[in-house]
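This document opens with one chain alone, in structure tokens, the form predicted alone.
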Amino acid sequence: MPLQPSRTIDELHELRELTGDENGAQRVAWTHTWERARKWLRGKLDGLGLEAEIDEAGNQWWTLRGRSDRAVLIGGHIDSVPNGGWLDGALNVVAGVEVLRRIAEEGEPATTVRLVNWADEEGARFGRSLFGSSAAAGSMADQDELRERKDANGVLLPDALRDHDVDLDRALDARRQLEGAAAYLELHIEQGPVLESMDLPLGVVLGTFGVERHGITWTGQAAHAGSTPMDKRRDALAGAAKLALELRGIAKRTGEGAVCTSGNVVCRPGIVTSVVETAEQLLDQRHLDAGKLASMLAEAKEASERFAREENVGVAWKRIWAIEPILFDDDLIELADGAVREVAGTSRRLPSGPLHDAAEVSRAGIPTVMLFVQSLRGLSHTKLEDTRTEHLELSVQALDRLATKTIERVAAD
């Protein structure tokens, strides 16, 4: 059976109709709609003679045995954010289905080939991204904290997992799935504007940004808005506002690839007649270079202390989460670059700002690479997310070429 990229597009539309509404995709992990999508996915792989299983972290696996037990993995995630796009995550897996179909129809491959649908990449319900892949990679080190996580309705994460036959205490047993893995391949929409700005359909991902995520609490003094002179105020929001603007300069001075975001500021008492007493600010900083990321964080902390002195307020920092930059495998990057050039004529190497399951697999020591396909207007995590049909078809072809090249490389080693 020859590769049929158009079938991938048809199946993505089918999945959108099954698990979306007028507001976008609704495949939030650990929900009934997510399970409906997983059941749909199982149906697409029936009849291919694959070994199917769900591991201890809820990840779905399909295995096509080859002449070698060394395995080439193709992966992605089918869960979405609320009101999400039709391609984020789903393209990875559905394209992988098409590639696996083609390989299976040609007979026993030189190496084992496996497709994985990672559980809860987005972390939309409980705020813990990369759940399934971090369990399989052995990097899920925060299980005690995970036991206390609740969703917006007060449901504990372990209880929600149990409803889907996953025991949090056994999730790390999923590490057995990466035994024998020789390479991991992932296709994803770019979720940004770089490829479109260069009029390129496809790109090769160098790695994923490191992330520093912090909560910053500014403490001033509540006072009457009408009777407190401006020069007598200890306004917590003033410190947060100064830092929010300073972040632009920090990113600019750091250079290409640096991003800093003040994502939210919650003020108390939060009434129009009072000076702000406390301002709780969220900060996200990302870079592909670990040294530059550390420098950005140090500069932000120094700036916050300076602004606290200027405004006569207190400032305290608390790390919410951090992850080091991940650089993908050089040899696989070369193979991916060749695959993209063969189907699109030209290629571009670029980093990924968003996190992906591929980063966790790479962290486990598995050679890893990703392909990007252009996103229209750079939009993602919205129902407006889209990619040209011809570019989607090229991406399926590129993933297929990359899989073939990788199988040949692994079999020859």
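Residue numbers here begin at 1 and follow the sequence given. Predicted model, so just to flag it, every value in this text is computed and none were measured.
Just so it is clear, the following notes concern the form predicted in complex with a further copy of the same chain, a form of the same protein that is not shown.
a further copy of the same chain is not drawn, but in the predicted bound form it has no heavy atom within 4.5 Å of V315. The shortest heavy atom separation between E186 and a further copy of the same chain in the predicted bound form exceeds 4.5 Å. Interface membership of R125, defined by any non-hydrogen atom within 4.5 Å of a further copy of the same chain in the predicted bound form, is ruled out.
Within 4.5 Å of some heavy atom of a further copy of the same chain in the predicted bound form lies at least one heavy atom of D284. Only one of 136-144, 325-333, 240-248, 154-162 lies within 4.5 Å of a further copy of the same chain in the predicted bound form by heavy atoms, and it is 240-248.
The three marked residues, N23, G58 and G180, fail to reach a further copy of the same chain in the predicted bound form, with no heavy atom of any inside 4.5 Å.
Out of the listed residues D337, D289, E299, E311, E311 is the one that sits within 4.5 Å of a further copy of the same chain in the predicted bound form by at least one heavy atom. Counting a residue when any of its non-hydrogen atoms is within 4.5 Å of a further copy of the same chain in the predicted bound form, the hits in 353-372 run G353, P354.
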